[in-house]
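In the form predicted on its own, a lone chain appears below as structure tokens.
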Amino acid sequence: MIGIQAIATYLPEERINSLSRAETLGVPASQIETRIGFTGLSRAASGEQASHMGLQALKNLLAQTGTTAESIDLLIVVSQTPDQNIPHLSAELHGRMGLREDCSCFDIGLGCSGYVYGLSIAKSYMEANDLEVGVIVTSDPYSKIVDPADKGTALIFGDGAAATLLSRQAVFDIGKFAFGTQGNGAEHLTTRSGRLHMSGRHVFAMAAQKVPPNILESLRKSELTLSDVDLIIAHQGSLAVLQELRDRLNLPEGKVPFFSREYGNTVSSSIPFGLAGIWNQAELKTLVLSGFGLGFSWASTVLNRR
């Protein structure tokens, strides 16, 4: 059975001080501390794009695990901010890493829910085609599309990338999935003239209303309940969103952690960053992953440590 064997991450070194930026935007510091939650935002260097960040995460993964580029059978890239529309970003990484010609490569154009969708696609694709080694790269340099003068987005998004290794030598088995889409809400989180526009009120309402039942549905499909779960790794939309999810599920703070305070909402890489952070905590056996956002789309699944 295909599962998750390892995760590697990449964060740019530069940080934006959210408290300082909030002051220039006329946003009270208390809003950062109690609602938004991000005291710092990671920033890609000038000229550093999705391909650069994704490539570094992939290199980190191979170095960390001893996996060779030649052994990779499948490469999926999840991104909504690729360097360019053509060619697809996975093909660019394929060429730069020198992967085999019979390695399958394709992109998934999803954001905050994309990692969970990617896990479902990669697992199914690998098992259907008898593949041994797959990699999901997530990379979103949202600073390229965020207007630094927009108080609705400039205090939220950080840049980052992650690479996830999937194989039969897994640490975590992947359980059942539950998905959802509310396409008529997509206009509330979109780009216009190359800049990101977000209605925080509508995004918050979507997460509050759709995500808790989606988490419960993924557990039901896996014949589990909330009491069986050690940790929920939810997309790091904001501190307020995580607090709302805890309240709706009647869970303590530690069970739905906010772990991205120092680098921000890294979109498609948000969940793998959280998973990497608890990777070696062997006492955490059963996890729920839940992503939600752009589209409006959401998805949840269960991981079980072997």
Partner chain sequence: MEALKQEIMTVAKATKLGIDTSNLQYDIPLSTQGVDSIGMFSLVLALQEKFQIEIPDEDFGKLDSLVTIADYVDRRLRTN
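Being a predicted model, the structure only gives us computed values, none of them experimental. Numbering follows the first chain given and starts at 1.
The form predicted in complex with its partner chain is left out here; the points below concern that form.
With a 4.5 Å cutoff on heavy atoms, residue 61 does not count as touching its partner chain in the predicted bound form; it lies far away. Heavy atoms of residue 36 reach within 4.5 Å of its partner chain in the predicted bound form, making it an interface residue.
In the predicted bound form, at least one heavy atom of residue 200 sits within 4.5 Å of a heavy atom of its partner chain. Using a 4.5 angstroms threshold between heavy atoms, residue 278 stays clear of its partner chain in the predicted bound form. Using a 4.5 Å heavy atom cutoff, none of 65, 67 and 282 lies near its partner chain in the predicted bound form. With its partner chain omitted here, the record of contacts in the predicted bound form names 204-212 of 128-136, 101-109, 157-165, 204-212, defined by a heavy atom within 4.5 Å. Along 253-287, a non-hydrogen atom within 4.5 Å of its partner chain in the predicted bound form is carried by no residue at all.
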